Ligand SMILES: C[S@@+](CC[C@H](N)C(=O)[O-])C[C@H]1O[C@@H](n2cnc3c(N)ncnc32)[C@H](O)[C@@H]1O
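The data below hold one chain only, encoded as structure tokens and taken in the form predicted on its own.
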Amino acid sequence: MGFYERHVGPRLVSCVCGAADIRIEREKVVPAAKGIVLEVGIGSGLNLPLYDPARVSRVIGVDPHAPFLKLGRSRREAAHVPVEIRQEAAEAMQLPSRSVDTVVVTFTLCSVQDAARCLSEIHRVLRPEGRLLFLEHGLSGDAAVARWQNRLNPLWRPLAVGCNLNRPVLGSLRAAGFTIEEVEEYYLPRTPRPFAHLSRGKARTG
């Protein structure tokens, strides 16, 4: 891992993902979490202030990237809910099956090494009555936008420390065995469309 991946890229990504417009979208998702919560790709902890301590007993944050976790230290210390950090890959989580009530993924499926394996693990650890809450950017259904996403992705991915513009969010969820209960697809305001296609919603196993 070079200097950019250790010091520059994580700060850039955290700054972009912490923008006001994106925080507004996070506020529509994260407060619905309850019980034991698994946050995949917790990174710099941008969601931590949004968890409701009256609903959440504990947050287990999984992330393999030490530079992102380092940026989140102050947010973890200030959190109003207990936080446990596991520095491990989402594709091979060391959590018991059916052990969490809610899984939260926000701007995470774009950058995991293997989205299918990650979602398979999420499916495994989520209790049957639990829910997956997601807010992800990915491949647009508009062919013209999708073409630009495919063109830009090779340039964007190293700049954004592994983030991909063109992963199909809903298709990946369904392929992993999730049933999507609620979903809204839209473009983030004031953002070029290749970078702005969002999917926000709720899913369950089976």
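Since the structure is predicted, the reported quantities are computational estimates derived from the model, not experimental observations. The first residue of the shown sequence is 1; numbering continues from there.
Keep in mind that the form predicted in complex with the ligand is not shown, yet the notes after this line are about it.
Checked against the ligand in the predicted bound form, the residues P64, P31, G35, P168 give one hit for a heavy atom within 4.5 Å, which is P64. Among R26, R157, R55, R58, the residue placing a heavy atom within 4.5 Å of the ligand in the predicted bound form is R26.
Stretch-level contact analysis of 94-102, 121-129, 107-115, 77-85 against the ligand in the predicted bound form, using heavy atoms and a 4.5 Å limit, identifies 107-115. Using a 4.5 Å cutoff between non-hydrogen atoms, L46 counts as a contact of the ligand in the predicted bound form.
The closest heavy atom approach of C17 to the ligand in the predicted bound form falls within 4.5 Å. Shown alone here, A89 lies within 4.5 Å of the ligand in the predicted bound form, counting heavy atoms only. Residue contact with the ligand in the predicted bound form: F178 places no heavy atom within 4.5 Å of it.
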